[in-house]
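Given next, in structure tokens, is a single chain: the form predicted on its own.
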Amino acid sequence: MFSFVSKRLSLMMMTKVCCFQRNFSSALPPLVPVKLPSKMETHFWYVLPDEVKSESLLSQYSELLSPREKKNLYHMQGDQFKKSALLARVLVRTTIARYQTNCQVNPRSLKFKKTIYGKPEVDWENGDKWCPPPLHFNISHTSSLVACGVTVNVPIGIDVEEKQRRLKNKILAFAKRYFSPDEVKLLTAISDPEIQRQELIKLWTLKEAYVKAVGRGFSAAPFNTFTIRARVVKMGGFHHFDTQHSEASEIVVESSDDPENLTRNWQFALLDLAGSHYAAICIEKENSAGGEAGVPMRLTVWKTIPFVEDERVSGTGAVVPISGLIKQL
């Protein structure tokens, strides 16, 4: 299916015609606008690539990309990987374009830049009559799910992983290489190999979301230098990260260098998404001194095929909270 789009991208690369200036309003319907997230609210959008079957739609999607994005896509190997990468770029562009303030934002006109640590952000064009929104976003994708998280004023990091993901290495050998000693101890105590694998994937998802939210790169926050823990709210105590119990718990980060110091200014949510993936969200609390304990993350989740359909799925069986304080909207 995706070969048609690959050929079209190849033609664009060779001709470099001025088709980049096309007005796509006649080819694609307008996006449904969405209000910016409120304080301590997170918006989460996702696409299932297998549900995007139209070659015509994929071709239109490719025309939303910048010349550099087209070039990067053209050089990727494998149609499935190219399709996932295309949908990731389109999801970012269309999601950000939905948050209209004083003017309409064309998804194709958006420009991006990277911080010194490589985290992408919108490169807004400041105008005399328009102030860009303090919007933060982060993306993650597998071959079977593409996601974008959005907040206002505070950094966000997300990660999605397939629940059936298999590891090339043995679980504990993998954990000893990347995880903290306390997390390895937790995994070692699990006798069931399948539960052990699932718990490792959940931990990995949370740790990656945290590093992406911090935005300083993996070299600045190696996985084995911090521990993910969960605090049972009703008991007021701490225990090792464990998603096998149903008590409401707040996920926190503990520095390996200073075990008594819990990094309280980050808030987490761990979800079972679409019955097939784990999704982790990490956002910075607005009060950098630590924020209020026990305040849930306000979360709205949409499943989308951009320009075709949007379905609000928060509060349904498609979004099942696993850990973290979460209030679905």
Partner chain sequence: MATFSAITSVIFAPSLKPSLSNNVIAERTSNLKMAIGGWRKNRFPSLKTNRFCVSCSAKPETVQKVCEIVRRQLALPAETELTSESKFSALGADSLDTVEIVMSLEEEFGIGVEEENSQNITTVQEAADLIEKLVEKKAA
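Small disclaimer: the values here were computed from a predicted structure and weren't measured. Residue numbers count along the first chain shown, from 1.
Below, we refer to the form predicted in complex with its partner chain, which is not included among the displayed structures.
Visitor: Considering Val232, Met76, Val122, Ala88, which brings a non-hydrogen atom within 4.5 Å of its partner chain in the predicted complex?
Guide: When its partner chain is considered in the predicted complex, the option within 4.5 Å is Met76.
Visitor: Any of the heavy atoms of Ile116 lying within 4.5 Å of its partner chain in the predicted complex?
Guide: Yes - in the predicted complex, heavy atoms of Ile116 and its partner chain come within 4.5 Å of each other.
Visitor: So in the predicted complex, does Glu208 come within 4.5 Å of its partner chain, heavy atom to heavy atom?
Guide: Within the cut-off, so yes.
Visitor: Does any part of Arg68 reach within 4.5 Å of its partner chain in the predicted complex? Heavy atoms only, please.
Guide: So Arg68 counts as contacting its partner chain.
Visitor: According to a 4.5 angstroms non-hydrogen atom cut-off, is Gln104 in contact with its partner chain in the predicted complex?
Guide: Residue-level check for Gln104: no, no contact with its partner chain.
Visitor: Quick one: find which of 91-99, 76-84, 188-196, 147-155 has residues within 4.5 Å of its partner chain in the predicted complex by heavy atom distance.
Guide: Of the options given, it is 76-84.
Visitor: Is its partner chain in the predicted complex near all of Pro30, Pro33 and Ser54, within 4.5 Å of a heavy atom of each?
Guide: No: none of Pro30, Pro33 and Ser54 comes within 4.5 Å of its partner chain in the predicted complex.
Visitor: Given a 4.5 Å distance limit between heavy atoms, list every residue of 169-189 close to its partner chain in the predicted complex, or none if there are none.
Guide: The stretch touches the partner through Asn169, Ala173, Phe174, Arg177, Tyr178.
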